[in-house]
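In structure tokens, the next block holds one chain alone, the form predicted alone.
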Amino acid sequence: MAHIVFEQVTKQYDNGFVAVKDLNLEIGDDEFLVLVGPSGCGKTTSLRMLAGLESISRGSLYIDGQRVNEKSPRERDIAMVFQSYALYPHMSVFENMAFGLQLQGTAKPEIQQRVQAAAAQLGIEELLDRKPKQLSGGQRQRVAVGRAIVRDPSAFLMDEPLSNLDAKLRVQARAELTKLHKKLGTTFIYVTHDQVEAMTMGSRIAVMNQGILQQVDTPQNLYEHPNNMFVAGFMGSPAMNFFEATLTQTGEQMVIDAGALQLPVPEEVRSRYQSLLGTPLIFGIRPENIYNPEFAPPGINPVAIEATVSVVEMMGHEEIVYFALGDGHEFLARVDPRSRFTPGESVSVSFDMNRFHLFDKASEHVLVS
């Protein structure tokens, strides 16, 4: 297990481009931390700095309390699984898994024991004599993980290791990696651009954008209490709906005014929003908090909205529906599959006003969640 700390870590290349800026992040022993964000956000660069494959321009990186900025990858007691798996094509599975141990001068009997044990954990004992070209994508992924396991490192670093697998196999591999983490009791740092992988695998998620850490929290807290519009829009599929709005009050009635959307604020929470009256806002609501009134669950605070159905995507267990408002704005909803909405028809949908977010229009930071 490894306790890892990024302290004001920055990576700036010779051309002036800053890939990672002032990264402060603490990763605890036995944690499964996922670094997530769009392409070019700095997540892989952060992982490579931790691995020792990229130099650090400024700041300090600590592993178990020891500053490792100048230490070589071999001295850091970590193992990395790459997107490409990086298996040697001329070696058998056994030889690929054993290669790192041979470089360390490990005795042959111990190499045999470690490789056999790792292969048993991953269910690839029957593959040990095969070459990588004889393996499926899922099998290669397991071999790459097995090669890391045999080293018994204090931390596993994984850079999008499932991206080459088909959709069905990715779901299976996600579950296998999660079980493997619990079995090994070792620190995992996992990079992905897929927020579904992040939500399902991480004990905590670090969201990055343009080289800057946006928020670190548990999957549920990230989803329910995003710090800003980027996190709110990135976490969740389909993404959160956003509308420019202002908060107005007439007598006792407080309303979120978003053009064609006129949404009364529930009476019991109006006092929380009093200071925001007249402020330019962004109103956010997730697609799953918009319902077909016919199948709305109990306990919501529904406000009826008239909209025109544009596109319907039947997913089996739900419908993803694109709606258009009279002022030209569009939004998405995830509704009950029994809805059977038809493109072109005008329907009523319910916004759950117990589940919305308000963001500052200028800074895009959350005001009330």
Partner chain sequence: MQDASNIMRLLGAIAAIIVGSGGIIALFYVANLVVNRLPPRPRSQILPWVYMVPALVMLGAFLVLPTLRTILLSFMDRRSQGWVGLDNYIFAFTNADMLIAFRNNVLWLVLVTGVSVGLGLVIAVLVDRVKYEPLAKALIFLPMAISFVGASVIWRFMYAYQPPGTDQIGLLNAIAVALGYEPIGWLVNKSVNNFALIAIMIWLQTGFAMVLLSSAVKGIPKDVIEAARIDGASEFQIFWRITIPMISSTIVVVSTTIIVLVLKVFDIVFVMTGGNLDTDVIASRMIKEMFNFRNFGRGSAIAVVLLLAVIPVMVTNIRRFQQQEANR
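Since the model is a prediction, treat every value here as computed from it, not as a measurement. Positions refer to the first chain, counted from 1.
Beyond the structure shown, there is the form predicted together with its partner chain, which is absent from this document and is the topic of what follows.
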Q.
Partner absent here, but in the predicted complex, which of 22-30, 50-58, 63-71, 299-307 has residues with a heavy atom within 4.5 Å of its partner chain?
A. 50-58
Q: Could you spot which one of Y291, F242, F99, F230 gets a heavy atom to within 4.5 Å of its partner chain in the predicted complex?
A: F99
**Q.** Interface residue in the predicted complex among H90, K182, K108, K168, criterion: non-hydrogen atom within 4.5 angstroms of its partner chain
**A.** H90
(Q) Please tell me whether any heavy atom belonging to A117 falls inside 4.5 Å of a heavy atom of its partner chain, as the geometry stands in the predicted complex. (A) no
Q) Are any of the heavy atoms in L281 no more than 4.5 Å from a heavy atom of its partner chain in the predicted complex? A) no
Q: Using the partner position in the predicted complex, report whether M80 sits within 4.5 Å of its partner chain, counting heavy atoms only.
A: yes
**Q.** R272: touches its partner chain in the predicted complex, heavy atom cutoff 4.5 angstroms
**A.** no
(Q) Let me test this: is every residue among S84, L103 and R147 within 4.5 Å of its partner chain in the predicted complex, going by heavy atom positions? (A) yes
Q | Sequence-ordered residues of 133-155 touching its partner chain in the predicted complex, heavy atom within 4.5 Å | A | K133, R147, R151
